[in-house]
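Below you'll find only one chain, the form predicted on its own, shown as structure tokens.
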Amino acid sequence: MYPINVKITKIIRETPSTRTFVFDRSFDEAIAGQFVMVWIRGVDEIPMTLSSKNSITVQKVGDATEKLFCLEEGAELGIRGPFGKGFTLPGKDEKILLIAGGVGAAPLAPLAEYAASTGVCMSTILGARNADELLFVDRFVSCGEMHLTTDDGSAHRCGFVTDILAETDVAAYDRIYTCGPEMMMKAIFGMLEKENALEKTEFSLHRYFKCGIGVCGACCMDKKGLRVCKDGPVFNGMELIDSEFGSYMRGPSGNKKQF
């Protein structure tokens, strides 16, 4: 698939480290959790989850995102997608729990809004390094019950999302969804495995992508060879048992990078 040209119509400074880029093109067919390949001309093409039907929310972490942060409204990007497997959408009679850390709130916010629009009962655990970095608080609050935590205690509870999860009756939920730093999700994985709750939990993963369509194998995970861009980026917890998840990922040359 060739990139389509989109124009940035609005740039929103969400936190000191994240910005939302709104496009003049809406990807109405996208499911929460899917991603697009974003071509920053002259620099790189990188995967970005959709934070709404017509936006991406980006944290500045490398050359491509640094260049993206230099763009202004009216600038143009190339977009391929949406690609990959998104979250399983909940049924209206189900009760769900969302667990988001940092910019991992980006794919979960549209899922929360979809669920709220269909009458799903939900709770969200949202964490960040500090109060300034809490992302999409208003969007989650408008959808259901909210629990906030910050590493430094600058907003609400001091601690991690896992502290709140430890006090939560996970058996009360039909589905659990999580996205955030991999070590955070690995800790959640371990807690839910002990509760025999992995089968109802979905994890949204990040890996190095090249093609984005499952051809090149750059994002394959040990030991099963799952392609994160095609078989994911959202995986059921049972699929991640005995995998590299939480241990390492591979870089552009295929070398292992430990977490």
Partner chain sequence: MINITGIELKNPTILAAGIMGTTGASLVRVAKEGAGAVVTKSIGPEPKEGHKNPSMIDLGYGFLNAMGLPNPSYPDFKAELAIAKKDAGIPVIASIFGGTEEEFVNVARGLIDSKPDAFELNVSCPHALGYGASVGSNPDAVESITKAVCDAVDVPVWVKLTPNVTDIVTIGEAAQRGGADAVVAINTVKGMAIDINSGYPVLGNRFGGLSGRAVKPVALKCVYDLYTALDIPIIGVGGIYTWEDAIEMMMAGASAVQIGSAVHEGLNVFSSVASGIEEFVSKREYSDITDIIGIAHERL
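Here the structure is a predicted model, which is why all the values come from computation and not from measurement. Positions refer to the first chain, counted from 1.
There is also a form predicted in complex with its partner chain; it is not shown, and the following applies to it.
Heavy atoms within 4.5 Å of its partner chain in the predicted complex map, among the stretches 50-58, 221-229, 190-198, 27-35, onto 221-229 alone. Contact check for Trp39, Arg250 and Asn255: all three have a heavy atom within 4.5 Å of its partner chain in the predicted complex. Proximity of Cys70 to its partner chain in the predicted complex falls outside the 4.5 Å heavy atom cutoff. For Glu45, a non-hydrogen atom is located within 4.5 Å of its partner chain in the predicted complex, even though that partner is not displayed. Contact check for Arg80: a heavy atom falls within 4.5 Å of its partner chain in the predicted complex. Residues of 1-17 lying near its partner chain in the predicted complex, listed in sequence order, are Met1, Tyr2, Pro3, Asn5, the criterion being any heavy atom within 4.5 Å.
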